[in-house]
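Single chain ahead, written as structure tokens, the form predicted alone.
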Amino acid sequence: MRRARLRHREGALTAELARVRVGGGIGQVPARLAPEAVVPLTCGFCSTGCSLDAHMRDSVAVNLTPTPSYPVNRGHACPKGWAALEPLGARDRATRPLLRNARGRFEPIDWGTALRVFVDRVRAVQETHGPEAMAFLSTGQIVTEEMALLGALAKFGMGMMHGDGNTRQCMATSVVAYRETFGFDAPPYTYADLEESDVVVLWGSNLAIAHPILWGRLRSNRHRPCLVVVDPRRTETAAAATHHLALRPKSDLVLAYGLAHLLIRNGHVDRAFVARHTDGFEAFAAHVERFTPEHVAAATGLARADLERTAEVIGRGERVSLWWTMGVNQSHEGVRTAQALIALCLLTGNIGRPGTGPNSVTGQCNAMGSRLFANTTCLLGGHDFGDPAHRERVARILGIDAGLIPHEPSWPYDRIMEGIARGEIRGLWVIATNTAHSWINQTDCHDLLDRLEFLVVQDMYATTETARRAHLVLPAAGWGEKDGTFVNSERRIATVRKVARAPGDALADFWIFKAIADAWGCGPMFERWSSPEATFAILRELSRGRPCDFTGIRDYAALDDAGGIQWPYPEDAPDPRPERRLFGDGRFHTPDGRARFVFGEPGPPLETPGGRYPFVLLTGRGNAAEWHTGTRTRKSGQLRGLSADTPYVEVNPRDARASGIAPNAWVRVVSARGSMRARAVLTNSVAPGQVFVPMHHAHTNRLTFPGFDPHSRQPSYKYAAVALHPEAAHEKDRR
């Protein structure tokens, strides 16, 4: 019976392939678009959410320019945006499904065979080891409609319990911090706040490199704000700061508590706001009482005068905003650090007004969509897996049996990997992420992936480190080759459009999921999910009455007309304004409407330098032309030309002299877990005792320590103990 259904689906899939191929070869769009159209679409790299205009010639996307009037980027783009089309034409695109044969080599197969292999191998894993033995790892890189379909298919249709996304690597800390303090994962700001502040604190954020469009908006602030940058390195952003606090790595929480201590001591508390709109202030004040300037100076390495001055700048500011990214999130105590930054805003009343807010800047283009609709840490629409009323509501909207919905969220990413080590996870479905490159402690990760009985990778390229280890590769369309929506850091929902045709037999992830649903036998469950836009209507209904309510958005055309719309935007909302912030009324999403002060005891990093490994390893973004594992950016000649062509490590000149390392010499960066070869760049941007390696290099995560925040389970990529060993010029690469 199932074979008959598969044969039926093969015919339907052939028709679907023919339908999505309308328009011809690579770079062409569906025939419904005018030959000389200009098609706006949201960029698919970082979370800023810039709009780019695809210029069409004879139905071919030939160029991209930034959309002049879009409220996010206002006619500007970073190097990645200008070059975003180039990776679509890479020679190593996955164009047909690939199956590893008995000799260990990939051979191309058709979609019908690929679906049979997928279904048979996944069922074999589940029937032999139990339904929880098959898990999935998703991404913040695909559109929201695809994320939701994947999560619903895997959990409700195929019975998988565990699945997580690579947003765990960038944003889990801020999600937990906001939920515990505000009652919902609700970044409160709008980008306009960068232009309205008179004091801006960038904490663990190299904004000039990681989010250059936002940096440009900050630099256009007419108030000439005082800029405080908290970062161990003298980054490009720190070099432009009014005050740079070069604290010891991972002493952030102590510093934040010390600033709170000074603000309270010096009378810079908005008592009226705290009394009306918060809970827990007195306990928080008692907690930070012992974080005196003397204590904090000793722990952070900062001068007492710098602490006093920073607290005074924040305390006397009228419109103070604090912004953070991975320097806070990727930490062994990132959640408590983010909550300490939120506390600084709450106790001074810097929230809900223009130019204020505790503002986390997201990593990936659709991490916010993943946070709400990936169906991993929360049930679709920010609902709670553990709440029976929420399960019933979601089931009613989707027209499914509530018994199909798990009663608890998935294991996080690290526990899924540990599950492989314990033999509890035997199969893994990886979609649009490169685990073998990006996961912490890479050598251990490779060993775990190689233990799997079935690894299926669904990606644009068959050449990623993860795809090369797969048993089955499913060729997927990329950004610009499909329709859907992204949600950016400021909660703006905007469209992604198909302006290019995926090569060969590659399909949008949405249609791959639909094909798998039919092949599995649960296709009728997703009959209403007939297209990305039809799926958007389902997600809209799931958002009804939730803090993220966007039921006022009729369709994709409404998003295009408005230049994107920030949630919440319920049905009765007036015409959408370009910029909207949260909590202007002082009401939060907690049961009593009051924000919480949440705090904890600081602790040391889980690995400290000394002995054989005397240096602290810092990691981060290398430059504005690089993106994550380089899977796409290294397919662009333009972007490669703006990036380093060899791995490098930044070393303080004093340490280089002591270690006998010459400028530009090859060195080995070694940790207890592995090593990498890199060129030594001597620079005072890193302090003595510290080194810096960009995260984009293929072997950086051989070095990183597998430590995790206990509340968010986010990896602590930015602190590990390493050594530097000079390498003779003639020595061969031992990688």
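Residue indices: 1-based, along the sequence shown. Owing to the predicted nature of the structure, the values given are computational and were not obtained by experimental measurement.
Another form exists, predicted in complex with a small molecule; not displayed. Remarks below refer to it.
- The chain is drawn here without the small molecule; in the predicted bound form, the stretch among 529-537, 223-231, 562-570, 546-554 whose residues come within 4.5 Å of it by any heavy atom is 223-231.
- Three-residue candidate spot Gln169, Ala210 and Gly630; every residue lies within 4.5 angstroms of the small molecule in the predicted bound form by at least one non-hydrogen atom.
- For the options Gly327, Gly349, Gly382, Gly151, the residue carrying a heavy atom within 4.5 angstroms of the small molecule in the predicted bound form is Gly327.
- Proximity to the small molecule in the predicted bound form, defined as a heavy atom within 4.5 Å, singles out one entry of Ala133, Ile416, Ala477, Cys445, which is Ala477.
- Interface membership of Cys46, defined by any non-hydrogen atom within 4.5 Å of the small molecule in the predicted bound form, is confirmed.
- Mapping the unseen interface onto this chain, Met147 falls outside it, with no heavy atom inside 4.5 Å of the small molecule in the predicted bound form.
- Although the partner is absent here, Arg621 is a contact residue: one of its heavy atoms lies within 4.5 angstroms of the small molecule in the predicted bound form.
- Although the partner is absent here, Glu490 is not a contact residue: none of its heavy atoms lies within 4.5 angstroms of the small molecule in the predicted bound form.
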